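The data below hold one chain only, encoded as structure tokens and taken in the form predicted alone.
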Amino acid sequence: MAWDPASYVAVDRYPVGAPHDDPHRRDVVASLHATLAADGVARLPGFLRPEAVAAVAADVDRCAAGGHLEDVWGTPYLGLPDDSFPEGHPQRTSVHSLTRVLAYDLVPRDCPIRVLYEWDRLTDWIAGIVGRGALYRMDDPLGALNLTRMEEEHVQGWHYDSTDFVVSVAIRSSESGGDFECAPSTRTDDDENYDDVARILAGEAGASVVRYPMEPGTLMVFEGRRSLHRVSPVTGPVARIVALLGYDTAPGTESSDLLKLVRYGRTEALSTPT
């Protein structure tokens, strides 16, 4: 009997598999698209059912030892400090990221989040929220789908993403810390807004930084290229787990070898996939 991936989704609230002309689907997608356009973030609490959340967490805990410990310093712009800028400038300021990452080829084929990611109807659903035409899953054997496991003292420093948007699913929150924090619309195509970025890096952001709760089962679409964001240091014995789902508006997209080496510790997929 064929297994239906929709069984892992709260389809009564989020009608992922419904036709495009279904009124409920149309209203939900339109509302989420409007929220993303206005705030740079669209959150879908309770998207993944509790039993699926538990199954994904168990898979990550079981496979964690095979993941790569990404331990890197760099600027918020994902590059090396540029000494041509003055002391204290964001382009010269390094931030630390320390995260254990399971690449796509290490995620078990029957893991609920992998099955959902490979489901065309989920891709179509995300495309409706983003509103930029057709979307394609990344053609990257390592970076298409990631599961991150952040243990005590792990952190993701303030940064911008290299892609227009990121899709994540919260799987498990840490005992404390591990908050997703962002400063919405920090930069535009015409203005990097370095003064505000410098204040954020110096811990002087005040109300310009928004903290989003880490609620297991929540799917989030986030425009990370324009909004400075981080994950605060994790404290306590409970590891924070998040799934990152990679999409692009063009087919065949793949990460650079440098990014693969930094994030996964290798550039090639395993010869015997999981």
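One rule holds for the numbers: they count along the sequence shown, beginning at 1. Just so it is clear, the model here is predicted, and its values are computed rather than measured.
As for the form predicted together with a small molecule, it is not shown, yet the points below apply to it.
| field | Selected contact from Arg100, His159, Arg114, His89, since only one has a non-hydrogen atom within 4.5 angstroms of the small molecule in the model of the complex | value | Comparing distances to the small molecule in the model of the complex, the residue within 4.5 Å is His159.
| task | Find the only residue in Val60, Val53, Val242, Ala42 having a heavy atom within 4.5 Å of the small molecule in the model of the complex. | result | Selected residue: Val242.
| message | Considering non-hydrogen atoms and a 4.5 Å limit, does the small molecule approach Tyr104 in the model of the complex? | response | Contact with the small molecule, no.
| message | Can you work out whether Val29 and the small molecule are in contact in the model of the complex, taking contact to mean some heavy atom pair no more than 4.5 Å apart? | response | No, no contact at 4.5 Å.
| Taking heavy atoms only, is Arg25 within 4.5 angstroms of the small molecule in the model of the complex? | Output for Arg25 is no: heavy atoms all beyond 4.5 Å of the small molecule.
| message | Taking the small molecule as it sits in the model of the complex, is Lys260 near enough to touch it, meaning that at least one heavy atom pair lies within 4.5 angstroms? | response | Answer no; every heavy atom of Lys260 is more than 4.5 Å from the small molecule in the model of the complex.
| Among 106-114, 184-192, 135-143, 159-167, the region lying within 4.5 Å of the small molecule in the model of the complex by heavy atom distance | That would be 159-167.
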